[in-house]
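A lone chain, given as structure tokens: the form predicted alone.
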Amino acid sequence: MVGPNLNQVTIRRTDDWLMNWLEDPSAVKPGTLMPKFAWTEGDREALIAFLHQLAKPVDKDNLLKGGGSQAEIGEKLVKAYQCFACHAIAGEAGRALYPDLTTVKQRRDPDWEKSWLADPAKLKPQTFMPNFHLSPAEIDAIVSYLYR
């Protein structure tokens, strides 16, 4: 896989972030494999509009209220947010560049993971990990899934 699945990229990134990325990826993430294209501002706006059409809103309220254990709800949230666009998780592809979340419990404790999911840049300024602005209930469910 050359690049991540972009179906849900507009729920992970703002339009301003995407505009900057599409204008000059290496200025946003030095060393990225994403090439710089000679797109006009209009081209970038059209591409972002297309990406918005691909996105499916995450119905977190229904997922959180739905049946199942905390871990099962967390798994549904991980799939809805498409965390595997970057991370390998329990057989989902991911990218080798980013941590494999299948084994995160061997490297980090649950409290650290909760802090990370609440605000990645607070723990690691300049991280490429976006802030999903997850609710405490979402974070608890996702951590329950990752640490099952």
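Counting begins at 1, following the sequence as shown. Please read all numbers here as calculations on a predicted model, not as lab measurements.
Below: the form predicted in complex with heme C (HEC), not depicted.
Listed range touching heme C (HEC), judged in the predicted complex by heavy atoms within 4.5 Å, from 81 to 89, 63 to 71, 47 to 55, 33 to 41: So the stretch in question is 81 to 89.
Complete contact of P99, E113 and L117 with heme C (HEC) in the predicted complex (any heavy atom, 4.5 Å): Affirmative, all three are within 4.5 Å.
P25: touches heme C (HEC) in the predicted complex, heavy atom cutoff 4.5 angstroms: Contact with heme C (HEC), no.
Contact test in the predicted complex: T127 vs heme C (HEC), heavy atoms, 4.5 Å: Output for T127 is yes: heavy atoms within 4.5 Å of heme C (HEC).
Non-hydrogen atom contact R107 with heme C (HEC) in the predicted complex at 4.5 angstroms: Judged by the heavy-atom cut-off of 4.5 Å, R107 is in contact with heme C (HEC) in the predicted complex.
4.5 Å heavy atom contact, A141 and heme C (HEC) in the predicted complex: Contact check for A141: no, nothing within 4.5 Å of heme C (HEC) in the predicted complex.
Heme C (HEC) in the predicted complex - contacting residues of 17 to 50, heavy atom within 4.5 Å: None of them.
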